[in-house]
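A single chain, nothing else alongside it, follows as structure tokens in the form predicted on its own.
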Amino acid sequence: MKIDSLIVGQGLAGSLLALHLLERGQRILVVDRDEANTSSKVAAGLVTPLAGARFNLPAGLETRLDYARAFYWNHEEAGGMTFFHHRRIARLFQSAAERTAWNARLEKERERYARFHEPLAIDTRHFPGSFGGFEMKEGGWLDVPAFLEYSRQRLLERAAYAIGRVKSEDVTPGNDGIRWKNISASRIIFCEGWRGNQNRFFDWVPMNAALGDILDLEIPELAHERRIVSGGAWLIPRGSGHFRAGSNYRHRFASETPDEAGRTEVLQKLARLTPVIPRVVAHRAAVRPVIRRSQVFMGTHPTHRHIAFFNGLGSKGVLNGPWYASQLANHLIDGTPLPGDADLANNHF
């Protein structure tokens, strides 16, 4: 079987890249382990343009955000379904220092920040927010499992999806491409998430994987709140008093199984956001693919030009992923340069 691209992994990174390559007319095959608890399937899928305690707007964020929204809208229309949910975010300051940092940002870049915020109005009985906050515009969340299933169906329609495991030891590089089993491909792209450096071609990439816990909750007292509420923890409204809550980063973990320590940590964070006591309906955990500074890394292997890597989307993957996938697709097909900060060739680990 002869194809253009063999993609290893159908998480968020693999799905985004696959859809972009299909749009470019590529013959592809995506091989996935079809595991239940991957970071993509468990992820909250949050889109928070102003993230972190410093509320930084990275260069090019507006471009990536606009691209992502158009990308998801187009695929929702193509599939006749909804998986991207626009929601404003009630962002509560956790300290006086955060409030000061926010005011300093507005003082320096008021015009640029105007797109992303409005004054906050919130029920202080349920969300005390003693340091204040703001309402973040342009936010939302992606139903990542629904998007992955949509992507899988698109691939199945084209006989471009298979369940299996691609071991790097079984991949043979050649002058014109690679071979794996009965597949000859012009290139292979590894999109393996946190296992990305358990691979003989990319074992030099410094993966700092982090286990994250997410809880499904019932909180009838907050059923009126339709925004995402964030401040140390986050709550995503799912309707009828049901919420999704998280999250944490545990870089040291013995297994990927949810445990009491993770549940307790999320509930403790949530207690600082709201005094209302939730009822836990479900608890899930998965390992995030975190690379240095939670940065996206992609590109071709330094000595094997037919072997490529796309990883590190992390907590901002829903926002940043579509644009980076488009850049990687253009690079692989047309040879256009990759964004310098993300190009493996420009990073010395």
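Heads up: residue numbers just count along the shown sequence, starting at 1. The shown structure was predicted, so the numbers you read here are calculated from the model rather than taken from an experiment.
Omitted here: the form predicted in complex with a small molecule. The next part is about that form.
Chemist: Report whether all of Leu92, Glu138 and Arg272 sit within 4.5 Å of the small molecule in the predicted bound form, measuring from non-hydrogen atoms.
Modeler: Judged in the predicted bound form, none of Leu92, Glu138 and Arg272 sits within 4.5 Å of the small molecule.
Chemist: Within 4.5 Å, heavy atoms only: does Ser247 come near the small molecule in the predicted bound form?
Modeler: Output for Ser247 is yes: heavy atoms within 4.5 Å of the small molecule.
Chemist: Hey, in the predicted bound form, does Pro322 get a heavy atom within 4.5 angstroms of the small molecule?
Modeler: Looking in the predicted bound form, residue contacts with the small molecule do not include Pro322, since no heavy atom lies within 4.5 Å.
Chemist: Give a yes or no for Ile28: in the predicted bound form, does one of its heavy atoms lie within 4.5 Å of a heavy atom belonging to the small molecule?
Modeler: Taking the distances in the predicted bound form, the answer for Ile28 is no, it never comes within 4.5 Å of the small molecule.
Chemist: Answer for Ala13 alone: is it within 4.5 Å of the small molecule in the predicted bound form, judged on heavy atom distances?
Modeler: Because a heavy atom of Ala13 falls inside 4.5 Å of the small molecule in the predicted bound form, the answer is yes.
Chemist: Which of 49-57, 62-70, 297-305, 30-38 has heavy atoms within 4.5 Å of the small molecule in the predicted bound form?
Modeler: It is the stretch 30-38.
Chemist: Scan Ala185, Ile214, Ala160, Ala233 and let me know which has any heavy atom within 4.5 Å of the small molecule in the predicted bound form.
Modeler: None of the other options qualify; the answer is Ile214.
Chemist: Of Arg110, Arg226, Arg125, Arg165, which one comes within 4.5 Å of the small molecule in the predicted bound form, counting heavy atoms only?
Modeler: Partner contact (heavy atom, 4.5 Å) among the options: Arg165.
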